[in-house]
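Just the one chain here, laid out as structure tokens, in the form predicted alone.
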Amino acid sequence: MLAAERHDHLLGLLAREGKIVAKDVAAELGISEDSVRRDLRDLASEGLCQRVYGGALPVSPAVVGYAARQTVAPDGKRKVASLAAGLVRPGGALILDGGTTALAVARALPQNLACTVITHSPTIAAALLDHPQTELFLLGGRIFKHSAVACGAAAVEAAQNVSADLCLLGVTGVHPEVGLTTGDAEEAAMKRALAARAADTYILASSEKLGTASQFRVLPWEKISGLITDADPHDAVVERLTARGVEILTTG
């Protein structure tokens, strides 16, 4: 089998099964695992899969730039945002991550809601300027333009000096085994720093992120309070997460 044919076979398997196990493919095709791993490296370099230990997973569609992400699943993000905004209580303190789903949450908050919002996203802060009873705290640092958020040592240090009742966190990949992932190491570190400062952390994930993975792990499942998604309750990934004991808040 030619390399191009193997690549097509691997992509078909990924589409059907949602994962590739290198040793199983090697046995099926009668080739070495090293050959399969080389094929997966080639596909990953083209952005067609996300390599993980032992094989590969679908790559998240949310790894594109900030402007492009605004056109990905806008209805799903609005549904997730509406459900998430209902968790914010009057008088409470919210840590709100950056990204397009978090921006939808900011826009979904009632304009007269009296609360405190802590964020490292200038776009989130700007979206809440017309909320007269919302106290805003903007955490500073180097701006990561891909997601329009502050990251790096200064931002992490600033995060360590705040606390909140609730953290709403965005990720690019949601997978039952791999966990919660994103595409940048510093952004992953910042997300961990934010989550550590809240009593409860919920993950914002529209359905296209379920079953996918990105390069850098954010948090394991035991470190969060639940997942907010628009996926159907009977979605295979949702059912696997529920079986793990993860609380799922779904609009589906």
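The numbering used is simple: start at 1 and walk along the sequence shown. Not measured: the values here are computed from a predicted model. Whichever C-alpha set is largest while still superposing within 1.5 Å between the two forms counts as the rigid core.
Separately, the form predicted in complex with the DNA exists; it is not shown, and the next lines address it.
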| property | result |
| --- | --- |
| Distance check, residue 41 to the DNA in the predicted complex, heavy atom within 4.5 Å | yes |
| Residue 32 within 4.5 Å of the DNA in the predicted complex, heavy atoms | yes |
| 4.5 Å heavy atom contact, residue 37 and the DNA in the predicted complex | yes |
| Residue 54: touches the DNA in the predicted complex, heavy atom cutoff 4.5 angstroms | yes |
| Stretch in contact, per heavy atom within 4.5 angstroms of the DNA in the predicted complex, of 223 to 231, 198 to 206, 180 to 188, 24 to 32 | 24 to 32 |
| Residue 23 C-alpha shift between the shown form and the other one of 2 Å or more, rigid core reference | yes |
| Core-superposed comparison between the shown form and the other one, residue 207 Cα displacement 2 Å or beyond | no |
